[in-house]
Structure formats: structure tokens, C-alpha cells
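So this first bit is one chain, no partners, the form predicted alone, shown in C-alpha cells.
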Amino acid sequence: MSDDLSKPFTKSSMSEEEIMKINKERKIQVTSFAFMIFLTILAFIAVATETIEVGFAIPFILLLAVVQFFLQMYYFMHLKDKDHGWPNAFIISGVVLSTPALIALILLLGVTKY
């Protein structure tokens, strides 16, 4: 322990390899975040400008949403990390189980509404 804790530490306790890994991870997360913002802007432009036909705009926005979903799961929910096996299994099984239920509910609401 240092005797003078009021001064900032001059050297990190992490190794150079750990610092490089954290910096690389930070760059990847900032890049993916910027890409997701770009996708959100594209979706907003597709709806707000009304230059795209409705028949194309809805699948386009759904495609952008799916891409954003997988980017968020992969980078921000750490599905890419090797030591997160059980959380990955639970997240993937939740997506696999909830997708048919969501599609069935959408179809039921669509059938009863129209």
C-alpha cells in the first residue's frame, strides 16, 4: 500500500497487454455505437422524408432493427466473449423461444384487427 494516497497513481497496475485490449475494446464499442446511430438516422430519414414507399420502408426499418439488435447483443451484451457461455445460452434460448410467440401474437392481432 502506498503511504500517500492523496496523490494520483503514476502507473497502472494493469499490464500493457491488458491496457491494449481495453483500448481495442473501447474503439470497437464506440465504432459499433456510431454505426447504430447511423442506422437509427437512416430509419428516421426513411420514415420522416416519405421519399421511400411504404411497402419498402417497413421491411427496410425491420431489417435495420434486426441489424441493430444483433449488434447490441454481440458487442454490448458480450455475446462475443468466450467466457460467457451460460449467459449466451440463456439469451439465445430466450430469443429462440420468444420469436415464434411474438410472431404468433402479431399474426393473431393482425387477423383479428383486419
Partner chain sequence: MAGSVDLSKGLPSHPEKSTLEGKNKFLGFWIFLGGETIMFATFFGTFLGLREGTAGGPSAEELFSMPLVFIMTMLLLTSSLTSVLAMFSMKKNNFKNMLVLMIVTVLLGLGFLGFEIYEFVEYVHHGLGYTTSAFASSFYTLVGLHGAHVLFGLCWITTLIIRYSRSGITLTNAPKFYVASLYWHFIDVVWVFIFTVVYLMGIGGA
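In this text, the rigid core denotes the largest set of C-alpha atoms whose superposition between the two forms falls within 1.5 Å. What you are looking at is a predicted structure, and each value in this text was computed from that prediction instead of being measured. Residue numbers count along the first chain shown, from 1.
What comes next is about the form predicted together with its partner chain, which does not appear here.
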Open item on the list: If we define contact as a non-hydrogen atom of the residue within 4.5 angstroms of the partner, is F69 a contact of its partner chain in the model of the complex?
Closed with: yes
Task: F33 within 4.5 Å of its partner chain in the model of the complex, heavy atoms - done: yes
Open item on the list: Contact with its partner chain in the model of the complex for F56, defined as at least one heavy atom pair within 4.5 Å: yes or no?
Closed with: no
TODO: Go through 18 to 45 residue by residue and record those having a heavy atom within 4.5 Å of its partner chain in the model of the complex; state none if no residue qualifies.
DONE: E18, I22, N23, E25, R26, Q29, V30, F33, M36, I37, T40, I41, A43, F44
Open item on the list: Once the core is superposed between this form and the one not shown, does M14 show a C-alpha displacement of at least 2 Å?
Closed with: yes
